[in-house]
Structure formats: C-alpha cells, structure tokens
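Taking the form predicted on its own, here's one chain by itself in structure tokens.
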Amino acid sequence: MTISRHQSKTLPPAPPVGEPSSPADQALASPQKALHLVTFGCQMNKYDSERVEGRFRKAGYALTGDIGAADVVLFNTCSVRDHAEERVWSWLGDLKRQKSARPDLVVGVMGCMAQRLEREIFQRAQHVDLVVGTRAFQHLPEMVETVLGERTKARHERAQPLSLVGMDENPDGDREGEPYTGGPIGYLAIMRGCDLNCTFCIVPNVRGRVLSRSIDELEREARWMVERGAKVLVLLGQTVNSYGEDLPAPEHGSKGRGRQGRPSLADLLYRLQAIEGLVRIRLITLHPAYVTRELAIALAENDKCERFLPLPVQSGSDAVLRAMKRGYTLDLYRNKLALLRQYLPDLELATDWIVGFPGETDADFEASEEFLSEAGFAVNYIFKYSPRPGTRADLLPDDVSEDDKKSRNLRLLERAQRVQRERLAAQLGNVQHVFLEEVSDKSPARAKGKTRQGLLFVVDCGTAEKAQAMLGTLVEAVVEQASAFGLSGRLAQDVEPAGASHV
C-alpha cells in the first residue's frame, strides 16, 4: 500500500480486525484522543463510517459529537449530486479557522468525493491532512498516526498531507475486536462497486467495479451484529441483486442459484434466514436486469425478508432509458415486476425518477407520469437531472430548460403523491406487523417503524414510557390513518376488534 501525492513512504498494512491488538496497535492512540466523523449520502456511507469508527475505537480513540473537542475530524463524502459535494466544501471552509487555532487537529476527507477529487481537495483546502478513497478507509487510524508522527519530528510544523485512493484493496473483513455501534438496525455491505455504465451515474468511477464478499464471510458478520443487538439487517450494494456475479462457481459440491451455478443473493437470503434473533432483512438497491425467478422464490420462502424492494425505473420512456444506458426497456421492467408480484402479491415498491434528462421530450415525460400510475409505486424519489463531471451524460447537451425541469419535477411529485395516497389508503383497517425503530420527534408517546411491506408506520403507544420500551420490538398495530407518506394508528391490543385483516 503506497501513500500517494506528497509522500513516498509505505505504511504497514492495517492489522486484521479479528486478531488481538499488539502493544504497537494499542499505542496507536491514547484514550484521550477523540474522533468526530460527519457522514454524507447513502446507507453505504453510513456502514463505512461505522467500520471507520470501529477501527478508531479499537485503536484507543473515543467518539465525540462535539467537533470542537475532536482531535481528528473526518468527512465521509458523497458525489452523486453536486449539492452533496458543496456541503463538504462549506464544512471544510468553516473548519479552516479551527485548524488555524488548533494546528494539531487532523482533518481528513474520505469516500466518493475523495476518490473523485483527490488533487482538487488538497488545492482548495490546504488545511486537509488526509484524502482517502472508497476502498482504503481501513487504513485511516494508521495514516492519522503517521501524520502525527511526522509533526512530532518536525517540531509541530504541519506534516505533508497523505492520500490513498487506490481501488486494488478490499476494505471489508472480520469485525471481531470492534465495538458494534449500529443498534437494532444493522447495515451490511454484501458487495461493492457496479459493473453497469448508466450514463448519468458517477458510482462506477468512485466505487469501482463489482466486488462481492463470500457468503461465509457475510454470515459471520451478520451473526456478529445480531449477537450484539441488531434485529434488522439492511443488505447494501449499488446493485444488490447482482451479488455473486463476480464470484466463481464451485467446482465441487452444491451449486449456487446464480448464473452458471454461482452464489447469488437468493443463496445469501436462505443463509441469513437461519440466524436466530434476526427479525427482518431489507435490501438496498436493486436493478431490474438482475431480478430473477430464483430471487423472487427466495424472497417468498424466507419470511424474514421484507415485502418491499427499491427498484429504480428512472424513466417511463424507452428512448430516455436507451440514452441513460439502463439496460432494459419498459416492457422488460413490466415483466420483472410481474414476476415479483407473482410470488409476492403483497409486495410494495420504491423507485427513482430523473426528469429533464438530455433529450427528454414532453411525450417522454408524459410516459413517465403514466407508468408511475400504472405500476403503483408506494414510494417515489424524484430528481431533476443535473450533469455530473466524469459521466457520459455530461458530454450530452443539457437541452431541457431549468423551467421545464422544475415544472416536470412538480408534476411528477403531484402524480406520485396521488398514487401513494391511494396505495396506502388501501391499508386502512388492516393490522400490520411493525418493527419499531425510534420515538417520534412530534410526540414521545408515539414510535416510528416499518411494516413488513416497508411502509412508514407511526404507532400511538399510549405513553412515552411504553413507546421507549417497545423500541426494537415487533408489534401489531391497526392502520387508522393513511397519507401519501405513511401510515399511523394504535396498538392492536388497544383497539376494539372489528374484523381487521392481518398483513
């Protein structure tokens, strides 16, 4: 592992997390040192931040929510949209004053923005000490100590900044020896990267190509989390249902359910289903091209799997889908949706839309409106197209006016809310099994959670004490109200029986 940019040294490899700490490892940081980590973007970033926090805590650091009390400040960044990067630049600008007052403070940028803008970060924010990419964050504690060691040698003068943005490492591994901080909702990255080439997407550039982890390794980490309090596992991947496409087919023994006998997401679901103490399994995010009959059957046969799938469509126009290089037509998407609902009749779907993509006509947009109604998506995430440097779409003329983008965005939002309101209103009177995750910020007597269909449900528990006590448990609740964005009601035991159906 070679440190790039201003240093030519080679750091020692990060110690395997599962092994006992050596005296040198224990000396990496004193107990007084504290880490403050700010996370932007997706659930994958949240998972990576937990891994980084675990490594720093194993090295002797404390975590602090007060940036002013931190010895090390890290930003785990996102590059999917320009706004996410601008927020990081703003934070870095604010931190420059603190760095001037506290020259021993170590400032680092990690994640997608670090991978994409390594040199620019050092140029625009010269107080940054570390830039670490998406597959090298496991080395951060050692890199921090290298920076601090160089400062000591230079009598507290600023050391040369370090960067590590190579794609040739696997940042995952056993977590024994780390403290688990995820709570009842545990994130588990089952793969990294993406082998698709959607023209609007920066992910393959900053996350690399697909790298799937073995089922045995994933089962070990899943059991590790469940033993420490996780009740729900959220399986993460840029295209999570392409899991295993890069793994070899076994030469001997049982074959997997994937293509040419490879291990697949279906195989992993059967393995995780058997973990005692695990209540639910969620998936983020799927791609239509990798929806298979084997996956649909696995979802149906494993009752811990939520009946909720994020399956982005992006556009209802075949012409726009071709320009996006999504790899499917609208009819193929319909066929995949029909396959899923054949085995999962109670399935609910979330989807993503991009409006104003280069070349999108009024007719193309109207096709998106029509398909949103046809498919009956329960959750819709709608974005105006904005060019991202480094993507193929950035080379296309951005020929949809900003006014048209705004108008289409509002129209699709209005259509989505109507469809969602109708979809969720069909649940009125039903008894739902809700996993309660957090107390409502509007009322301490209410707790928020997710139904088996992945729908937001706010449950009136009666008292604040009861709501707090029920967090992390599965309850039955009657749907009494429905909006475009979720459900609400009371515990079934507090409602007079009226022949409600169970879901």
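Everything quoted here is computed from the prediction, not taken from an experiment. Counting begins at 1, following the sequence as shown.
Just so it is clear, the following notes concern the form predicted in complex with a small molecule, a form of the same protein that is not shown.
The closest heavy atom approach of residue 384 to the small molecule in the predicted complex falls within 4.5 Å. Using a 4.5 Å cutoff between non-hydrogen atoms, residue 282 does not count as a contact of the small molecule in the predicted complex. When contacts are judged by a 4.5 Å heavy atom cut-off, residue 178 does not count as touching the small molecule in the predicted complex. Though the partner is left out of this view, residue 80 does reach within 4.5 Å of the small molecule in the predicted complex, counting heavy atoms only. Of the residues given (292, 239, 380, 430), 239 alone sits with a heavy atom within 4.5 Å of the small molecule in the predicted complex. With the partner omitted from this view, the residue of 266, 372, 136, 201 that lies near the small molecule in the predicted complex is 201 [heavy atom within 4.5 Å].
With the small molecule omitted here, the record of contacts in the predicted complex names 384-392 of 113-121, 414-422, 273-281, 384-392, defined by a heavy atom within 4.5 Å. Proximity to the small molecule in the predicted complex holds for none of 46, 50 and 76, with the criterion being a heavy atom within 4.5 Å.
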